[in-house]
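Single chain ahead, written as structure tokens, the form predicted alone.
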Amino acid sequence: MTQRLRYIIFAAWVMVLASTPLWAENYTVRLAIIVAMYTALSQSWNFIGGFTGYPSFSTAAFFGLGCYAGALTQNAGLPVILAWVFATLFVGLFAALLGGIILRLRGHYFAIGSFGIVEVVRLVISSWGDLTGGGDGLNVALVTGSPNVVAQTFLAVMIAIMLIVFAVTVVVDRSRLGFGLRCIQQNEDAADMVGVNTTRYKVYAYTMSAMFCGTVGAAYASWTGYIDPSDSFSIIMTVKVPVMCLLGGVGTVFGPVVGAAAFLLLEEFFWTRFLEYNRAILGAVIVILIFFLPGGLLGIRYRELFARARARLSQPGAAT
């Protein structure tokens, strides 16, 4: 599949998501919002986990911080968009300071350390009850309008965030930064020897990943109108986002888009048909797909696959 065709398919997919209020019920519009949201999160994770090759499990920490930073500033009277901007900058600053420390770790040590960040931040938010509401959660000032108008507004917001992250991904992929991050992924010591400032590049990737997660979190808090630590710092989210990227193809421009859409559509399919065992079945299917498709869905050579299928069908006795 050519790159141009992929852009065309992506544009068509965005149009399908954006047009759901015109032809679908509220449940489908909500699903479209979730798809756009997780696509943006998956693309964000791709900066550090895909391009750089560092297995980060701190997505939920940045998402949750974005939720609370946006909610608190919005409740304080700041306009919604400015609250989202504040949350983005706050989470980005937090990640830049944290990245200078945690990115000195590698491999499993970095994975465990990044996973621990989620729990540490969640416990701080839960304990700071006077400010955050603690375990009781926090109500967020609602965006005015009818349910349909609010749904359409946040669908447009999530799609806009998704497109911004996609555009940044394209720029990074074609830039010197993207080249440096791929060098780090291949061999960090060799990249350092040939002049790549590995520490700075890793902090850049980690910060970009966190900032957009914070933006999504702030928008999510405004959409739902209520947040609490267990939902905002969900361990399930921390695992789901990397799996989406792996399913589509890590370190690619379109992999997170394909992976998020495929994962959420599969999740919806199994949830509606196997209510009690949907997570177990979905988990088994995802493991099988990743095991047999290490390059993700985008790593499949479809032309060769179709050519082999055609050749087998054309063999004598193939139809018998």
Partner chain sequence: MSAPILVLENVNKHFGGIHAVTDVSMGLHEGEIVALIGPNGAGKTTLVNVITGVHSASGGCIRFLGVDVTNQRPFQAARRGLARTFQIVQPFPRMTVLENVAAGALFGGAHANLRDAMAAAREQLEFTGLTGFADRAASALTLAGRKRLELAKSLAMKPKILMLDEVNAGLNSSEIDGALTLIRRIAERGITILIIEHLMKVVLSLAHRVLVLHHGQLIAEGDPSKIVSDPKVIEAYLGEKFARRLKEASSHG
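Numbering follows the first chain given and starts at 1. Just so it is clear, the structure is predicted and the values come from calculations on it, not from any experiment.
Not pictured, yet referred to below: the form predicted together with the partner chain.
Proximity to the partner chain in the predicted complex holds for none of A96, G99 and S114, with the criterion being a heavy atom within 4.5 Å. Figure note: of the listed segments 181-189, 79-87, 225-233, 246-254, the one touching the partner chain in the predicted complex, with heavy atoms no more than 4.5 Å away, is 181-189.
Among residues of the shown chain, V194 is one whose heavy atoms approach the partner chain to within 4.5 Å in the predicted complex. In the predicted complex, T198 approaches the partner chain with a heavy atom inside 4.5 Å. A residue is said to contact a partner when one of its heavy atoms sits within 4.5 Å of a partner heavy atom; R106 fails this definition for the partner chain in the predicted complex, lying far away.
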